[in-house]
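Encoded as structure tokens, the following chain is the form predicted on its own, with no partner shown.
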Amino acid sequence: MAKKILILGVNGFIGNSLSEALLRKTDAEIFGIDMNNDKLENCLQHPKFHFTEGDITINKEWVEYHIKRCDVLLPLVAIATPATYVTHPLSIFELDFEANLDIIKKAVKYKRRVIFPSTSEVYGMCPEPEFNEETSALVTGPINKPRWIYSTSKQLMDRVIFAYGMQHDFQYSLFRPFNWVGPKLDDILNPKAGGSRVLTQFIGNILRGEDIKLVDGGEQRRCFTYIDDGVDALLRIIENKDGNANQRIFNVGNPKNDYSIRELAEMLVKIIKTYPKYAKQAEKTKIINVSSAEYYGKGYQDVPSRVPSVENAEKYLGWKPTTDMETLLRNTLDFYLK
């Protein structure tokens, strides 16, 4: 029998990409809710895709009804922009923790399987060269750095979900995305500093003829993962072959795409120069250094590097990332610039 899948936040970066893949590759029926549908043009007319415009914090009866009728639930609603962590930390806690806790409690009540988005941020300032889901310490900063409220809200959700699994045999999978990027990531026309994630922020800077501002010199390193690779992992988690994904945590990232933020900026400028329509803007772009306090405010603190171990995903899902950095960037730029 075809699975019924409930996706909360279906219009988001992960939600829309996952929906397209499910409709293309499986016979699953999707029920999705979000406040907009502008990224769902490839799904809305599909007979197995059912969209409702709404807010999970308001349309609680709709959510509960669909948790009851669906087999698998993906609660993808969260705020995930660092600027907001610093300026509106309570908004992070209220949505990313409180609203999602209510969803998890309903899933436990109706014995529904949940695939929950944790985050690479839960590892915080872990000093290990490679982060392991089972053994790595989760290290965050002091209370006066509200940047960590996102990480700790997500970490507490992870712990609550694990505890429900331990005490109530709750069926769950946690996945930790490591800088997933690709088409439809953010609005590149958003001019607000920190209003989008780093890749789309830099693309927007170049197109608007602005300088690229590197926070604290851009020495921070991240492992960039193409959305198609991430979605492939999610499809395998949803399939749950032989129950191998049950009650497990999966890092989903690409350790080979380990680059500094400065290197990312330099690569983007170089590649955008190959697009005739935008070459002049790229030629004019300057890369400058700013302090984190100047860019984000005093409540910000950063992490020098984040490299995932993907052994769990390889062992239990048969998954490996395949998209290199050059391909990832070109595919993303083709979407935004062509």
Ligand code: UGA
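The structure displayed is predicted, hence computed values, not measured ones. Numbers for residues come from their place in the sequence shown, where the first is 1.
Form predicted in complex with this ligand: not shown, discussed below.
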* Structure fact -> Only hit among A80, I188, V86, L76 for heavy atom within 4.5 Å of this ligand in the predicted bound form is A80
* Asked: Which of these residues, I104, I261, V72, A99, gets a heavy atom within 4.5 Å of this ligand in the predicted bound form?
  -> I261
* Indicate whether Y150 is a 4.5 Å heavy atom neighbour of this ligand in the predicted bound form. => yes
* Classify E311 as contacting or not contacting this ligand in the predicted bound form by the rule of any non-hydrogen atom within 4.5 angstroms, answering yes or no. => no
* Asked: Does any heavy atom of P177 come within 4.5 Å of a heavy atom of this ligand in the predicted bound form?
  -> yes
* **4.5 Å heavy atom contact, Y295 to this ligand in the predicted bound form** => yes
* **Candidate stretches 55-63, 41-49, 24-32, 300-308 - the one whose heavy atoms come within 4.5 Å of this ligand in the predicted bound form** => 300-308
* **Heavy atom distance at most 4.5 Å to this ligand in the predicted bound form, all of F202, K213 and Q220** => yes
* **Residues of stretch 99-123 in contact with this ligand in the predicted bound form (4.5 Å, non-hydrogen atom)** => T119, S120, E121
